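Here you get one chain, nothing else, as structure tokens; it is the form predicted on its own.
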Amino acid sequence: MALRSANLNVMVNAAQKAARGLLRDFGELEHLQVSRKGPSDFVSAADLRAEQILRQELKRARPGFSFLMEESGAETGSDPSRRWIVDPLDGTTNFLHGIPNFAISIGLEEAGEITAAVVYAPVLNEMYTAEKGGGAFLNDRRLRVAARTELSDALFATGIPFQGRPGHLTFLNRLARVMARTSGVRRFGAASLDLAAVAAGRFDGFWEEGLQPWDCAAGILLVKEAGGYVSTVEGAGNPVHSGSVLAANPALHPQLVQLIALEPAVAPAEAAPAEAAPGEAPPAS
């Protein structure tokens, strides 16, 4: 069994307590009238209830820590160098449609660096945890990223820009290139769980843009502690606050960065998926 720090125990306990309410609310979805206002309002209320529980539990255990939360935003505590980054319900659209692929995501940021992470999928009862230098775990089983080295064997996950967000054409061009060179691409609608799946070796890599810190902070640490590399989509820098994330194992990370960075040689309507040799640049960490 993985040894957990006091902070990680606080995070796990808070996630488990908030999950009980989410599971109860998830079970009520089938009784809702199928209308835009009804289910959407219900899910928003479930989201807020979960966030309130997480805030109460984390604040009770660590009263001085700051917060960055999806629903209520930023709150500076007496110790601004330590901050909880929280998404109480990652995968809201899945939740709304009765799809069990959703999670609670909690990251602990200390002096600008993510040092502890929890991603908990309540319906699946999968608890992902990680601490800096201590490895990544799924229900106390040690995780390692997949060992595949060839794009043709690899399975990737991604997020698609949704209604009202820019970047659809760029995404489609990138998707065409990745699909032409790999074993496949999946879209499951919860970035925290996609990153957790990379850490577990289920996916060989993941990329998405337009993310918020609470979508990815915990998942990024999971991948790193499982032996993977994480960067922006361009292959540079710390992605937590950039909104741009690309994660993969050490062999595939530079190849995926280069494949995504390619520009189509002709107009998108006329272009066949572009191909390129695997990249040689060392991966960013």
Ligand code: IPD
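Residue numbers here begin at 1 and follow the sequence given. Keep in mind the model is a prediction, meaning the values are calculated, not measured.
The discussion below concerns the form predicted in complex with ligand IPD, not included here.
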Worksheet item: ligand IPD isn't shown here, but in the model of the complex, which of 76-84, 126-134, 168-176, 189-197 has heavy atoms within 4.5 Å of it?
Response: 189-197
Discussion item. Considering non-hydrogen atoms and a 4.5 Å limit, does ligand IPD approach Asp204 in the model of the complex?
Written reply: no
Worksheet item: Can you check whether Gly91 is within 4.5 Å of ligand IPD in the model of the complex, heavy atom basis?
Response: yes
Fill in: 4.5 Å heavy atom contact, Leu151 and ligand IPD in the model of the complex
no
Practice prompt. Indicate whether Glu51 is a 4.5 Å heavy atom neighbour of ligand IPD in the model of the complex.
Written response: no
Discussion item. Between ligand IPD and Ala146, Glu225 and Gly228, in the model of the complex, does every residue show a non-hydrogen atom at 4.5 Å or closer?
Written reply: no
Item to complete: Have a look at Leu96, Leu138, Leu211, Ala121 for me and say which one sits with a heavy atom within 4.5 Å of ligand IPD in the model of the complex.
Response: Leu211
